[in-house]
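Taken one at a time, structure 1 and structure 2 that follow are two forms of one protein chain, written as structure tokens.
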Structure 1
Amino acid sequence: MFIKEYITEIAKATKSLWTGMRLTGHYFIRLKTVITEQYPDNRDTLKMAERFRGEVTMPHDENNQHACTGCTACELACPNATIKVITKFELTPENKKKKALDTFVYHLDMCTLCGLCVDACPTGAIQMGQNFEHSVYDRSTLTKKLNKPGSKIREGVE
């Protein structure tokens, strides 16, 4: 009786190992099921999702205009003090003083890419970019100025 149980147990054990190995073998001979992406080689075809949060960008239109009013809503929304908005006063045609954006400083090295600044922006001036390859040799290059030189606020944006 004992020997019979012993042999059945061995048979069951062998079968259980065989089941697992059969599955491994199934995938081993089917190369189509391989899902590995050869990352640096497929950079040309690699497409990130539309909403992917890679970095904060400030889109400019063809006239070198942006939509940032310098309201600092993004600066207040940021949990890590990643954004610093420096404003200046400009004279309007009616000779009135108006607050305008001078420099939009963005510290990518401190950013956790949470997207709260984009959520807080009332004019949609900043967006999340899809670029994710941020490695650099010098850390200071990660501090960026987002508004392009000579850019102005788009007309009609309040």
Structure 2
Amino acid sequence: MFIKEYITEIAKATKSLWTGMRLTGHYFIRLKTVITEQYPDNRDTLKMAERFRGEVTMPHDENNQHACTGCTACELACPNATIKVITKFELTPENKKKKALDTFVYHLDMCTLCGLCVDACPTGAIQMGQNFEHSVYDRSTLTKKLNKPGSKIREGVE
């Protein structure tokens, strides 16, 4: 009995191998039916899906203004402390203290790309980007400061 089961298993494995090799041979002979994306040669034309979640970004307008008020809602929503919002107090023209963003630190190496921070932001100051190439040799380059130097909060954002 043992020999019969052994030969049956070899026959099934050979049939499975032949099925896979036949499909491989089909694409090898018919080069015009290539179904593989040629990455990284297609970077210029590559468009990720709308729902794709890349790294967190903070868009700035042409005047170097952003919509972040420094409320730290994104920092509180982050499940693994990827975001650190450092705030400062500025004097308004009425001599009142107002909290403002000093530094927005984002640790991409700890981020799970869940998007909870984007959902929690009341002003829409941060969003998920389209970048997906995060391979680096130095891990410290994955810690990013999202607000640009000299940037200010956009007028009308509270």
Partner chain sequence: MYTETQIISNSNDELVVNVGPQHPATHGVLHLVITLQGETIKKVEPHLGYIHRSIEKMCESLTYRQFIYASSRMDYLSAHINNHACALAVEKGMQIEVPQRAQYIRVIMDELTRIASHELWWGAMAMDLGAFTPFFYAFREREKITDIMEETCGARLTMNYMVPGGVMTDIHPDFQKKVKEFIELFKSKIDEYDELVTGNIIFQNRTKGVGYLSKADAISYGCTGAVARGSGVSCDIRKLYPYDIYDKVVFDEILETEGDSFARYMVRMREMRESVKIIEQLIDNIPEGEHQAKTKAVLKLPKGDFYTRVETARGELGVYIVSEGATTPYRIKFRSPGFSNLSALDQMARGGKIGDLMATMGTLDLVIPDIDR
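Basically, rigid core = biggest C-alpha set you can superpose within 1.5 Å across the two forms. Reference numbering: structure 1, starting with residue 1. All of these numbers come straight from a predicted model, not from anything done at the bench.
- Here the form predicted on its own appears as structure 2, and structure 1 shows the other form of the same chain.
- After superposing the rigid core, the Cα of Arg139 is displaced by less than 2 Å between structure 1 and structure 2.
- Core-superposed comparison between structure 1 and structure 2: the Cα of Tyr27 travels 2 Å or more.
- With the core held fixed, the Cα of Lys148 is displaced between structure 1 and structure 2 by less than 2 Å.
- The Cα position of Ser16 changes by 11.9 Å between structure 1 and structure 2 once both are aligned on the rigid core.
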